[in-house]
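Next up is one chain by itself, shown in structure tokens, the form predicted on its own.
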Amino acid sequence: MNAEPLVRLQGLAKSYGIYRAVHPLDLDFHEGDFLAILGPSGCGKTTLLKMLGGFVEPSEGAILIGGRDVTRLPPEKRPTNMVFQGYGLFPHMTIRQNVGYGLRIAGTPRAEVDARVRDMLALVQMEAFADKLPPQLSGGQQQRIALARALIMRPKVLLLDEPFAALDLKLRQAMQEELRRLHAEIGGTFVFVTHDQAEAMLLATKVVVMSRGKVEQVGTPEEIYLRPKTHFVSTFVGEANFLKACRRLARVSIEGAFAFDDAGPDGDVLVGVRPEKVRLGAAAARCDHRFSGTVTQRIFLGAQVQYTVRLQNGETFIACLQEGDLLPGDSIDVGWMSADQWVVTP
């Protein structure tokens, strides 16, 4: 991978009066990345994407693409293209005409337009629909055409603003797989905005988690899930158990239980662990950290069994096991490994 980032955001921010939609941030990503910008509604992720695409002007900072400052350039002069939630297809044009529209506006020779349209329709597996009109297609088919129309312009960066939000679950899953296939085939750089944690984990090579206009963490899906750096990331991405603890002189202590080394500022902290990393019964005996507890709930989830356990210190833990025959009221040991825990401030 080229050491130089394809996209560099330097101190990028957006304010509307006194309201900060996006706080100043620095972010690099490279050619071939599939970047997911993940966060709840109102966190600033779509504003960030629109600044990248030139649809929203930053209040501060700079956007560099391929080493070129594009901060003040309009969308049509940037090496980017954007796919919005609404497909934006022209209803009176055929699919062939919709896909080739950008090339025709750019003055591309007719023969080249026809050839590239054929190639792009083949890439999204829509050749048989070339002469149909958008209203004759399903939502998923229209989404494929919207992707084809953006990709045919060969942007350095493809921007996607929750493009599958309007689709039902099954079609959404099919389009996620389609997008993964397209990214693998063309090797492009995709930036994808979503509020769906599972979607971000499935699609992205790098995830940016945002909250209240700020970047909480940037990392691979594995880093985001297994090593969350803040309480928000811990709870927004997946489920998490927490134990109250205190850190003093780089040592974290849970009163009456255990202590371990962990660098950081002194004060109250939380020790987190994912439910699927929790072990019960005999398996807990081999763990680094253990508590005694009582099962209060058992829920069969098909692929997993979820147990709720009240620990001896009064706190509640969730454990997800592949199988289990424990029942409410059973006394049980609860444990986990040091490698599976993390520490964050409340």
Partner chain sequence: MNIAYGRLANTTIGILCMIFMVAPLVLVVLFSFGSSSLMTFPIRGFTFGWYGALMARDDFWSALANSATVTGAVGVAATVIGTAAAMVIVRLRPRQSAAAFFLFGLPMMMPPLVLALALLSLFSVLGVKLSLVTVVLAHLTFTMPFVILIVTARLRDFDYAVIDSARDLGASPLKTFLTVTFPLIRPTLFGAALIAMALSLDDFVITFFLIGGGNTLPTLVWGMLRTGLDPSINALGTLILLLTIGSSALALRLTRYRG
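Numbering follows the first chain given and starts at 1. Predicted, not measured: the structure shown is a model, and the values here were computed from it.
Another form, the form predicted in complex with the partner chain, is not on view; read the next lines as being about it.
With the partner omitted from this view, the residue of A250, I105, A198, A184 that lies near the partner chain in the predicted complex is I105 [heavy atom within 4.5 Å]. Here is the short version: of R110, K170, H92, R72, the single residue with a heavy atom within 4.5 Å of the partner chain in the predicted complex is H92. Here the chain stands by itself, but in the predicted complex one stretch of 116-124, 205-213, 228-236, 147-155, 147-155, has heavy atoms within 4.5 Å of the partner chain. Although the partner is absent here, N81 lies within 4.5 Å of the partner chain in the predicted complex, judged by heavy atoms. Among residues of the shown chain, G88 is one whose heavy atoms approach the partner chain to within 4.5 Å in the predicted complex.
The partner chain in the predicted complex comes within 4.5 Å of a heavy atom belonging to E76. When the partner chain is considered in the predicted complex, F258 lies well away from it, no heavy atom lying within 4.5 Å.
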